[in-house]
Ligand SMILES: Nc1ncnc2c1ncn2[C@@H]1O[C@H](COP(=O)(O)OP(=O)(O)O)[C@@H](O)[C@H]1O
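There is one chain below, alone, in structure tokens, taken in the form predicted alone.
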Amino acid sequence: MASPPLVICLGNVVADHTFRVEDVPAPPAKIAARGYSIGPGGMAANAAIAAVRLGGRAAFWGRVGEDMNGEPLAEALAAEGVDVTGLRRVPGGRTPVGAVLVDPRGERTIISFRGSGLGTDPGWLPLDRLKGAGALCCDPRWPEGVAAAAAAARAAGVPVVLDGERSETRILVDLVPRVDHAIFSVPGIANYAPGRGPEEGLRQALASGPVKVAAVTQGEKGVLWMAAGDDKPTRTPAFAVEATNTTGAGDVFHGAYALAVAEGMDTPRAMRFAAAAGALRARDAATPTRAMLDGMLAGA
């Protein structure tokens, strides 16, 4: 039997400290949490975990510091079945950390530290491994790494998916023309195309280079997307769920979408597959398995 497709996820891994609270008051304040957990987070790391749980293989490429957060993150990713041989431990670097406050409605407030001293040079990346991948999934937190990996992926004929999350406009404008699938969040597309509506932003992305698909995830409104050559956008409806924690739902969407691309799904099916994965993550506060996702798709 053939091995499941490999999705290489490049970008951020974060030590997420999650606090469940009754509400998020204005400062100054001191409140008690109803619950607490710590685990791996970050766009590319969550995408990698999603790809594995949904039946694929995943490798994470990124950087952590040689500090008290770095090695536990490497161990947590490895425990999920993610290949971490492309995770670099940087001496003197500080690992990204997040404090996630989740209210009873599942909405969250995130305080993030993006790390420091991790370096930007992508020269150490094992780019030759892209030849065996089914897709490359990147987030914008390490643009130099994305640029190098996306160029190597294109040369190898490997499709590239970009998580167009909120970032500096200049970074998104630089990265979008390097990828095949630009999947934005609502804040991300507003950063990418300031002053333009979502449909105009999608058209701008498609016109920027060899982008094949541009999309924006819109929560309960579903996903608005266009493929190259389309006259108008298509909307993939959201799955109706009661959210308990929306943290990471977009990351899981991207990991699922990249796996769907690696499996050869067409765009409508890939969008529905990814939407179901993101909805399950928001509902359960946990990344779903393939059996769970298939069950949701079958019951829709």
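Numbers follow the displayed sequence, beginning with 1. These numbers come from a predicted model, not from an experiment.
Unshown form predicted in complex with the ligand; subsequent notes refer to it.
Contact with the ligand, judged by heavy atoms within 4.5 Å in the model of the complex, is confined among 214-222, 174-182, 147-155, 109-117 to 214-222. The ligand in the model of the complex comes within 4.5 Å of a heavy atom belonging to Gly250. Under a 4.5 angstroms non-hydrogen atom cutoff, the ligand in the model of the complex lacks Met265 among its neighbouring residues. Within 4.5 Å of some heavy atom of the ligand in the model of the complex lies at least one heavy atom of Ala275. When contacts are judged by a 4.5 Å heavy atom cut-off, Thr246 counts as touching the ligand in the model of the complex. Residues of 130-160 include none with a non-hydrogen atom no more than 4.5 angstroms from the ligand in the model of the complex.
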